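First, one chain by itself: the form predicted on its own, in structure tokens.
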Amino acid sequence: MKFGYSDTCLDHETGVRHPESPDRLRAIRRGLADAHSVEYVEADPSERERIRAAHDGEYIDSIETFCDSGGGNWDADTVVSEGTWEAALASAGLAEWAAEAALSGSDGRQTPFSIGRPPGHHAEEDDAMGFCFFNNVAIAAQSVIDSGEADRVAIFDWDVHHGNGTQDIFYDQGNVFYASIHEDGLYPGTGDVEETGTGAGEGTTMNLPFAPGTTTAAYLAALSEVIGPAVEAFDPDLFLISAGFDPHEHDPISRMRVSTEGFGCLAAAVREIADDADAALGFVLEGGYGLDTLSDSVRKVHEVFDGYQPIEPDEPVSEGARDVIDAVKTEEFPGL
């Protein structure tokens, strides 16, 4: 894979006890050190006008001012340092690069994966939260639409937390489809099955809140039975993955049970969906807070695009997950 990376993203300092630390990127780089077909690309930082595609101008100014003043706690979870502004611009720029590279034809072993930080999917139009300042994947999606490089974009978020910011930014738009699998009841508490969009965006949001302990099998069933058919019906030009690795069974801040091999299976599944929809495919890093599980899982995704065939789990879909999938299929998206 081609990995978008910038040392500038290490300058966002969160403190020694914060789970979203620069060590996350260092761990990924170490995990890929001896992998085949790895290429790193440093993209230009995002421009303010591109960020305004997803965020309120006064909010953008307030983030810059807060960083210039030395930072502090934006909220209880979201820490700002003097280097956060430049890191956030770099992270958004890397996500834009991933979208543009995918649309320019980078696929197969050249499939783009942006490994910027801070992450983005919790960032709302006018507020930072959940470790996120600028919504990287939303900026990338809206930017390629605004530039005419894509008419329609689909986003699948497999982070353990619901991407409330991404959902809200596109909730009333008809040209971006957003789907999320996340742990039910976990921060930020959004992402109910009934949340499907409004106005022009009605039917362009799909949520599958799974119970703690849900395994890889349920994720794969959701992809094959509802998310894949919905993406194919939406007919996007670009399919972006908000790739959070905190659903891992050994991640320190979640209770889901996706294995390292399972992330390989997810990568293979989204690649198949993109192929079926004839859509370009790109990845944007979100969460993942166990350094070993994060690096191992990113490497597994890379290996899939380097020719590895992941082994699907021989396990049943849990009854609770089956109920959620069936509710999406029969109540919210009966046409699938």
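Note that residue numbering follows the sequence shown and begins at 1. What you see is a predicted model; the values in this text were computed from it and never measured.
There is also a form predicted together with a small molecule; it is not shown, and the following applies to it.
- Here the chain stands by itself, but in the model of the complex one stretch of 147-155, 233-241, 127-135, 81-89, 127-135, has heavy atoms within 4.5 Å of the small molecule.
- The closest non-hydrogen atom of residue 117 lies beyond 4.5 Å of the small molecule in the model of the complex.
- Put simply, residue 161 is close to the small molecule in the model of the complex: some heavy atom of it is within 4.5 Å.
- The small molecule in the model of the complex comes within 4.5 Å of no heavy atom belonging to residue 182.
- Although the partner is absent here, residue 195 lies well away from the small molecule in the model of the complex, with no heavy atom inside 4.5 Å.
- In terms of contact with the small molecule in the model of the complex, the residue from 77, 168, 107, 249 that brings a heavy atom within 4.5 Å is 77.
- Listed residues 59, 66, 305, 289 were compared with the small molecule in the model of the complex; 289 is the one with a heavy atom within 4.5 Å.
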